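Take a look at this single chain in structure tokens; it is the form predicted on its own.
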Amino acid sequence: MAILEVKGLSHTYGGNTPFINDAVKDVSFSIEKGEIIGIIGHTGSGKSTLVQHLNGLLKPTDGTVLLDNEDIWKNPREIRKVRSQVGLVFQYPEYQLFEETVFADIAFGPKNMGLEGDELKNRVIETCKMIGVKPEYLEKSPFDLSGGEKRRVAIAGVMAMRPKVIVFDEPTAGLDPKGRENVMQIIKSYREATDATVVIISHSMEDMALLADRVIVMNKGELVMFDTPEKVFSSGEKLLEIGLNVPIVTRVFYELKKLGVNVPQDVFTVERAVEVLCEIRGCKDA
């Protein structure tokens, strides 16, 4: 059974004005519990507008969003409860830190949910262990931490609420390769520990290839593909037509194919590339 279902979702900015913009157009899909879903698309394709509907930050112009088979706008007064079940981590979440200590910042969301005393403390400590926030940081000011650690703390603040679904809008934006790897590991560790459903907007095709169970491709406000990474990235020519890249290793295999080398077109990770090349060259297992 789907944990999240989007049905005929459309969103229009500036209705009845000269600046009208149909940002999302009749989008439908469903997400199963525990899945990691990637969302890719060029700038202006509707990705961010789409995910802001998943926890009610935006209300659809048309269509519905169902959480556990219930319309999230069935009772508008209860929308705050939806936002505790569907957490949203914006780009550069470290800019949203504001408490005096790391502990207080991570505890802010759970405290607003009604946790207090030992239950609140244990939730914060458990989350820190889960994603690698060092215990000695808890009484520090978050503003004394490095950029990467600030982002980890900001993400921990959302994860501490234990949402059923957690949505990341470009979680690795502005990070170096090591920082990107750390954030991806945080997401994987949280999903493994909690079985939460994860939705990630990313411009990194490599991240999507390695992490996502299925990938949504958006173009001009429309959902144009929704499938496994293997099938999405094997349609590389279609992705390139709408202004998207494919993983670098996939592009290498496209070029090999053009040169007449008999290679498959579903190669999108280095591990798979090594496997295919070893088959071609008759390599023995190491």
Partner chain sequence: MLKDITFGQFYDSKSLLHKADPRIKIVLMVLLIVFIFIAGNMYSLAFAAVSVFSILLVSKVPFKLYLKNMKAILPVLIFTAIINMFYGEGEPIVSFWIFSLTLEGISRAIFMALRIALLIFISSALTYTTTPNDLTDAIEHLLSPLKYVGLKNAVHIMAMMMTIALRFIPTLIEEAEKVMNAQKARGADLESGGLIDRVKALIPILIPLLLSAVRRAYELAEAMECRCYNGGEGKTRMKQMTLSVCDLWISSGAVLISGGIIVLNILI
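Owing to the predicted nature of the structure, the values given are computational and were not obtained by experimental measurement. Numbering follows the first chain given and starts at 1.
Missing here is the form predicted together with the partner chain; even so, the following discussion is about that form.
Trainee: To test your reading of this chain, name the stretch in 244 to 252, 22 to 30, 64 to 72, 51 to 59 whose heavy atoms come within 4.5 Å of the partner chain in the model of the complex.
Mentor: Correct option: 51 to 59.
Trainee: Consider Leu138 of the chain shown here, and say whether it contacts the partner chain in the model of the complex, taking contact as heavy atoms within 4.5 Å.
Mentor: Leu138: no, not in contact with the partner chain in the model of the complex.
Trainee: Given that the partner is absent here, does Phe90 sit within 4.5 Å of the partner chain in the model of the complex, heavy atoms only?
Mentor: Yes, Phe90 is a contact residue.
Trainee: Would Asp105 sit within 4.5 Å of the partner chain in the model of the complex, counting heavy atoms only?
Mentor: Yes, contact at 4.5 Å.
Trainee: When the contact criterion is heavy atoms within 4.5 Å, does Met161 count as touching the partner chain in the model of the complex?
Mentor: Taking the distances in the model of the complex, the answer for Met161 is yes, it comes within 4.5 Å of the partner chain.
Trainee: What is the one choice in Asn122, Asn112, Ser146, Gln185 with a heavy atom within 4.5 Å of the partner chain in the model of the complex?
Mentor: Flagged contact: Asn112.
Trainee: Given that the partner chain is left out here, which of Ala212, Val133, Leu97, Val165 has a heavy atom within 4.5 Å of it in the model of the complex?
Mentor: That would be Leu97.
Trainee: Spell it out for me: taking the partner chain in the model of the complex, does every residue among Gly236, Lys238 and Lys258 have a heavy atom no farther than 4.5 Å from it?
Mentor: Judged in the model of the complex, none of Gly236, Lys238 and Lys258 sits within 4.5 Å of the partner chain.
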